[in-house]
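Here's a solo chain for you in structure tokens, the form predicted on its own.
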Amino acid sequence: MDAIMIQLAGVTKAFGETVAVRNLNLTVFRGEFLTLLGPSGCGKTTTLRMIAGFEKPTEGEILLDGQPVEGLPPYRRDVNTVFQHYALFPHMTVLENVAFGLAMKHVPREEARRRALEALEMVQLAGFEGRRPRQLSGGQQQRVAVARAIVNRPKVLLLDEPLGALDLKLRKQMQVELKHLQQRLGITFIYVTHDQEEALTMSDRIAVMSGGVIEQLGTSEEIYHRPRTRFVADFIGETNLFTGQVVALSASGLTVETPALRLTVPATPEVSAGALVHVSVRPEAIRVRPEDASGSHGALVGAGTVGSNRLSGRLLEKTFIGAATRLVVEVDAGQLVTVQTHNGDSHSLRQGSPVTLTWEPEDSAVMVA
């Protein structure tokens, strides 16, 4: 996955006074599954449309497999796009829909039929070739749209919120199927979504976008556990954010003074003494235990040893969420801290009771404010 397939260099896109994408630099490797993730209006779909050729950059250059694509219309670029709305031809059969692009390229009929049937088999729709789109479920129609896109064997497949119209269970199933399909084909996928879980599940790398720029580019693990900005930490999943000042630093870690407590966090090269920082701690990293009236501690709730970060508070909410229990604790300075525990670990906790929260320094991510 070392060869570069797509490169965006200094790409900006403005619609009148509105700048949708600002000086974007991005490299996508051959055979990679890269996701553009962000809220509505962050520039991810505009970026995809520029790669596809539906929008022209105001500034900058886009290269496909080392060649500039400026001036090339979409049908001349070796990419195909799958949209949220499948845009299938209702009067055509499934086979005719899939083979349509091949017919436009004047591929001989028998070869087009063979390739269309192969594509349908890849998306697990063998035997459906004679049906019309109205006879298919939403998930099946999406598979047809994917088959129609891959039948031309493009170098890059662009997917713009392709699972957005599906229900939750089917969406999760299709996430797995699309990832497996991409691995089998070895085609470069660029995937647009606002769904964090979807991005974390499917991607080799994720580009988190906000305000037309990439806030962070990295693997799912890097984005989740080592966010570089407050926006990324807050947007990806759920987290607890503390803001404070670095009051001491050593090779082993930093001490951060916040209104609620002193935190010990990992050493970070770009953070100096006196710096204002945000500290992110994921709910599942925090352990909680009850306190009795004398202030002594009950048995620890959650795995692991007691960390050097300790915080006292009062349990406000306790919510069963299926595989886990979600707790909301009010701590000093009125800050609310969210904790996620295994269901069996939370039986001893009572709403309204005092509790102690602990977590290890290495479970914190530090970002310059």
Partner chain sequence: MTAGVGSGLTRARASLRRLPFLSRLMTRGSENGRAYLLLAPTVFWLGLFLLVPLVLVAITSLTVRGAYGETVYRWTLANYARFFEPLYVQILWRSLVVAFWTTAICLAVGYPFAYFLAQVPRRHRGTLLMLVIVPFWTNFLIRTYAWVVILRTTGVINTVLQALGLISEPLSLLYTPGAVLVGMVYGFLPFMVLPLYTSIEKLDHSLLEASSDLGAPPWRTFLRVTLPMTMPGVVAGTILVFIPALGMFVVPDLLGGARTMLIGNLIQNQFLTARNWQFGSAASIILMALVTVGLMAYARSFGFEGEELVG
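Residue numbers count along the first chain shown, from 1. For the two forms, the rigid core is made up of the largest set of C-alpha atoms that agree within 1.5 Å on superposition. Everything numeric in this text was worked out from a predicted model, so none of it was measured.
The next section is about a form of this same protein that is not shown, the form predicted together with its partner chain.
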property: Location of its partner chain contact in the model of the complex, chosen stretch of 164 to 172, 261 to 269, 99 to 107, 238 to 246 [non-hydrogen atom, 4.5 Å]; result: 99 to 107
property: Interface residue in the model of the complex among Val123, Val288, Leu254, Val79, criterion: non-hydrogen atom within 4.5 angstroms of its partner chain; result: Val79
property: Single option in Leu136, Leu185, Met92, Val213 placed near its partner chain in the model of the complex, where near means a heavy atom within 4.5 Å; result: Met92
property: 4.5 angstroms heavy atom contact with its partner chain in the model of the complex for Pro74; result: yes
property: Tyr224, heavy atom within 4.5 angstroms of its partner chain in the model of the complex; result: no
property: Residue contact check: Met202 to its partner chain in the model of the complex, 4.5 Å heavy atom; result: no
property: Residue contact check: Asn152 to its partner chain in the model of the complex, 4.5 Å heavy atom; result: yes
property: Its partner chain in the model of the complex - contacting residues of 40 to 68, heavy atom within 4.5 Å; result: Arg49, Ala52, Phe54
property: Large Cα move at Arg132 between the shown form and the other one, threshold 2 Å, rigid core; result: yes
